[in-house]
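Structure 1 and structure 2, given next as structure tokens, are two forms of the same protein chain, each shown alone.
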Structure 1
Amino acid sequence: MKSTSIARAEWQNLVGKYGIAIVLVVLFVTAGIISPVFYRSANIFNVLQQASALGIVSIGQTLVILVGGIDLSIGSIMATSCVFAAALMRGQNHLVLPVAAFCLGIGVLAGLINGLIVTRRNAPPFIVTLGTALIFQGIRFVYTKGAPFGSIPSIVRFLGKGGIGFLPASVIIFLLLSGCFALVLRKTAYGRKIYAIGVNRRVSHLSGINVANVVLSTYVLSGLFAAFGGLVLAGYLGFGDNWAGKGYELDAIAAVVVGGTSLAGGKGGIGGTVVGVLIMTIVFNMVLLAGLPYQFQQIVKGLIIAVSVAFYSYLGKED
């Protein structure tokens, strides 16, 4: 009796960890059955390219969610970064470095504002980041008067649309960043603190961890990644668009949750998020390949989110 129940617990643990990867594989196979076009390298290229901007911002979102926060401002930061990149680079390669640094600086500043309000004023991050999203949007509109201008130079365009074979440049960056932050979360003191804070903020504080600074840093990283994601989108588009990152905040949260990171914090990680991002993007591609209306993907996405949340909470109860 004892050994079987332990075996069952182990099995559940495995399912919890790798279940979502199995879903990804199943999806990968089904997509090919629905349309053989799916496996074409140009299509895989498209899927990976579309996954990478979402992926990059989802890394930041994962960190924020792991400490028990949430960042609804990333879509707005992305668009702001995209619009400024086009306007200030004006298509000239020699301006890429300073302007990119400026855009990333905007992201850091935005994250700093989010993080400071959340930590110093102890305000609910949902409301704070919803509010700051509006502020960043306002700044963008004041700057562009509603009409973005400028264009994106070839270096940044390569970032957004270039690549080798079926591997887009942006997905390589996304995977590198994911690898780095998976390592940071697993192996560094900083990563361990993130989990501890997510599990129990009070205990972490009473254990001498500077909770406010760690939480603040996750928002800064999220802002930085959002700005970077905005640059990738700018490269993908070739011009500034006032609404470039629209909906990315919710897609990122969905990808993180589908990947097994708990919205309560403390559980999950980057690996799951990478899988979650790929699932969300493949669903998008699959729905289009199947010739279903684009709105249909909302239904499928919603189903995946609902089922995975139900699944994770079921596993959580078995403890």
Structure 2
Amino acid sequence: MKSTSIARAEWQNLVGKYGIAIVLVVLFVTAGIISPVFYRSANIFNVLQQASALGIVSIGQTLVILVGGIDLSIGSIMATSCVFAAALMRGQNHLVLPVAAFCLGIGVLAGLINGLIVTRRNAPPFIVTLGTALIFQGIRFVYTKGAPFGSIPSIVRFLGKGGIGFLPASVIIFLLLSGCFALVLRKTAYGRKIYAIGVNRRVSHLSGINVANVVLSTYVLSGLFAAFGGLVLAGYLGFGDNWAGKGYELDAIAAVVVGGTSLAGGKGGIGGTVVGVLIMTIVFNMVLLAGLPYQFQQIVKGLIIAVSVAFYSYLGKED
């Protein structure tokens, strides 16, 4: 009986470590079987481009979820950044740096609002970030009067649509940011504080960690990544769009959960999120290549989240 329990624990540990990578490989092969078009270089390049904007915002979502929070304002911040980038840059490269700084500032402001209300007023993150999403949605609609204007300059277009060799520029940015924050989480005191808070906030507080400030910082970073993701998405689209980030908040949550990060906080990491982003993007691409309506993406997305949560719960990944 004891040996059976040990064997089961070892199997769970093995699947927990490598199961997500195996799923990615199986999906990659299955996608090619469903449609050989999937393996065409143009399609792979497009899949990676689509994954990059989602991946960038998912990094911030990972940080927030690791401390036991959630951020539903990501999509709205992305769209706001996209709209202001087009309207203020007006297709001129010399305006890229100041306008990009302004757009990133919007993201930081949104994250600061979220973090301050959540930490100082102990308000539910779900409600707070949903409210922030509506506020910034209103701001961009008032500014554009419902019709976005302006254009995206070539430098930003390159970030969203260009490539260096066989890799899209946006993917290179995503991988660099992922590697950087994976190291931050695993090798720095700040990263250890994030995990500690996710496991037990009260114990973390009693251990001398300034819980409020660390949690606040994750929301600020999430807002920053959302705004940056909006700039990358603007470069990919080539124009401002009031609904550019629609659905990205749920896609980011799905990618984080699929990657093995616990919604309860304290478990998971950036590496799993990167794989989760690729899985989500490949699945969406498979749906399109199979000729199924867009609505099927929503069904698939819901199934993926439900199955992932159940799977990690079975493996003991969820408390």
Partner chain sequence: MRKTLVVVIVSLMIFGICSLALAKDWVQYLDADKKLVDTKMYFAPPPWKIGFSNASISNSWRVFFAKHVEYEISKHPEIGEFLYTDAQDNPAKQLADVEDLLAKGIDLLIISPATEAALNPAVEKAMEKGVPVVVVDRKVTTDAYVTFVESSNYEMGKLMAEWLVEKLNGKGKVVLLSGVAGSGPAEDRLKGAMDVFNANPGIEVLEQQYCEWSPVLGKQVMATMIQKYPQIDGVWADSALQGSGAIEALREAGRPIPPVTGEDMNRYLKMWKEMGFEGVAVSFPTWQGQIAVQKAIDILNGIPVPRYVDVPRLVITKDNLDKYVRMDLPDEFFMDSRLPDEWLPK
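Residue indices: 1-based, along structure 1. Remember, it's a predicted structure, so these values are computed and weren't measured experimentally. Note that the rigid core is defined as the largest set of C-alphas that superpose within 1.5 Å between two forms.
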Just flag whichever of structures 1 and 2 is the form predicted alone. 2
Rigid core fitted, then: does residue 195 show a CA shift of 2 angstroms or greater between structure 1 and structure 2? no
Quick check: residue 24 between structure 1 and structure 2 - does its CA shift reach 2 Å or more after fitting the rigid core? no
On a rigid core superposition, would residue 166 pass a 2 Å threshold for CA movement between structure 1 and structure 2? yes
In Å, how large is the CA movement of residue 303 between structure 1 and structure 2 relative to the superposed rigid core? 2.6
